[in-house]
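One chain comes next, on its own, written out as structure tokens in the form predicted on its own.
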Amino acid sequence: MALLELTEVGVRFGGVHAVTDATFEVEEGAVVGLMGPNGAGKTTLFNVITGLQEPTTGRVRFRDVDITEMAPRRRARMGIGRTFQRLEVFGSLTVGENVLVAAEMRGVSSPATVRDGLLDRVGLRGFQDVPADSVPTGIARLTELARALACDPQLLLLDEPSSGLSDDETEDFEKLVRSLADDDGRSVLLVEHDVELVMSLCSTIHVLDFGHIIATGPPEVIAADARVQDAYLGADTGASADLEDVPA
């Protein structure tokens, strides 16, 4: 069953078409990838889904409710959470306080218990009392993830979450995302330049190029798609070579 549905979504900034006729679904409990070169429109689509950007055309449905014109706060209360490509942690608070604030806003009976459980789950208990503006980028990204989870989202949008993570941290992150889908039943929409991670995690991948979805399918189909290979040629992400290494 589709948890999220985008139908012919378009976003135009003056004469620039950032996204054109984007149509796709995210099923319940699925990890879905959104790939594309820099500037392809991935973050713009995230902003449309979360209500930070009004689409020029098309509709967005969540839990079979049309949320196209719904305010971001209402969408969050319905169960949509996200992280950001550019870190959005509260730098003046500690790692633990970042998560605690979100748990308090959610209105749970024991926000400290929620905080402690999430810090353990993402491996940050040792950083609980460290100011968020003084931790490495990878730790800050995990802090942002834990804060998003404190709001108990049914749909979690992750924008470049592995940026700044070491190889070991990326492996742990992959296991965490799998558990969010398999154990918690959450849906995840993932924007990530680590092609190997996307291919490993996602059951379905949508590829954007210049605002158009040029390919949709399972990882082995995407890896073998000539249009996807062409879209990544000349990109600085190294994705072209990575795609060629993925078994078709």
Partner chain sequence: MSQFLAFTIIGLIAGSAYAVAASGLVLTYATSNVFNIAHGSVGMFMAFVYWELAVDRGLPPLLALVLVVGVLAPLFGLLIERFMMRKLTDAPVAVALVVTVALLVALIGAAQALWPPAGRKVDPYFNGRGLQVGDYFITAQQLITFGVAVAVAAALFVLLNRTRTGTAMRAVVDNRELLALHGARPNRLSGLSWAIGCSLAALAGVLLVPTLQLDYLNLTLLVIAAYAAAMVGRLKNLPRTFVGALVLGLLTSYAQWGVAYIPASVDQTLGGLVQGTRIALPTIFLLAVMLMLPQDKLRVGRVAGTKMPALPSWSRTLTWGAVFLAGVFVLTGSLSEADNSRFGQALCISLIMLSLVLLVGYGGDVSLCQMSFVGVGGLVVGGKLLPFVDAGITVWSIAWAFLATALLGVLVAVPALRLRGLYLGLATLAVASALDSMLFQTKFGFGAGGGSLTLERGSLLGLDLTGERAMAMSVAVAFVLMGFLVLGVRRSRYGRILLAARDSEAACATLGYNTRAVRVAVFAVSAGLAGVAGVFYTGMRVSISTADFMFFQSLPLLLFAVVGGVTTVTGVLLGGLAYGLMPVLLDQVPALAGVIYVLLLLAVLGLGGNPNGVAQLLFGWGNRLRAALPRQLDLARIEKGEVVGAS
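Everything numeric here is computed off the predicted structure, so don't read it as measured data. Numbering follows the first chain given and starts at 1.
What comes next is about the form predicted in complex with its partner chain, which is not displayed.
Query raised in the report: So, in the model of the complex, is Val101 in contact with its partner chain at a 4.5 angstroms heavy atom limit?
Result: So Val101 counts as contacting its partner chain.
Query raised in the report: Is Phe84 close enough to touch its partner chain in the model of the complex, meaning at least one heavy atom pair within 4.5 Å?
Result: Phe84: contacts its partner chain in the model of the complex.
Query raised in the report: in the model of the complex, does Met105 have a heavy atom within 4.5 Å of its partner chain?
Result: Yes, Met105 lies within 4.5 Å of its partner chain in the model of the complex.
**Report entry** Partner proximity in the model of the complex: Phe90 to its partner chain, non-hydrogen atom cutoff 4.5 Å
**Finding:** Close contact exists here: in the model of the complex, Phe90 approaches its partner chain to within 4.5 Å, heavy atoms only.
Query - Candidate site Asp120, Leu156 and Val191: all three near its partner chain in the model of the complex by heavy atom within 4.5 Å - result: No residue of the spot touches its partner chain in the model of the complex.
Query raised in the report: Of Cys151, Val114, Leu165, Leu124, which residue is found within 4.5 angstroms of its partner chain in the model of the complex when only non-hydrogen atoms are counted?
Result: Contact check passes for Cys151.
Query raised in the report: Just one of Thr50, Thr68, Thr44, Thr204 has a heavy atom within 4.5 Å of its partner chain in the model of the complex. Which one?
Result: By the 4.5 Å heavy-atom cutoff, the listed residue in contact is Thr50.
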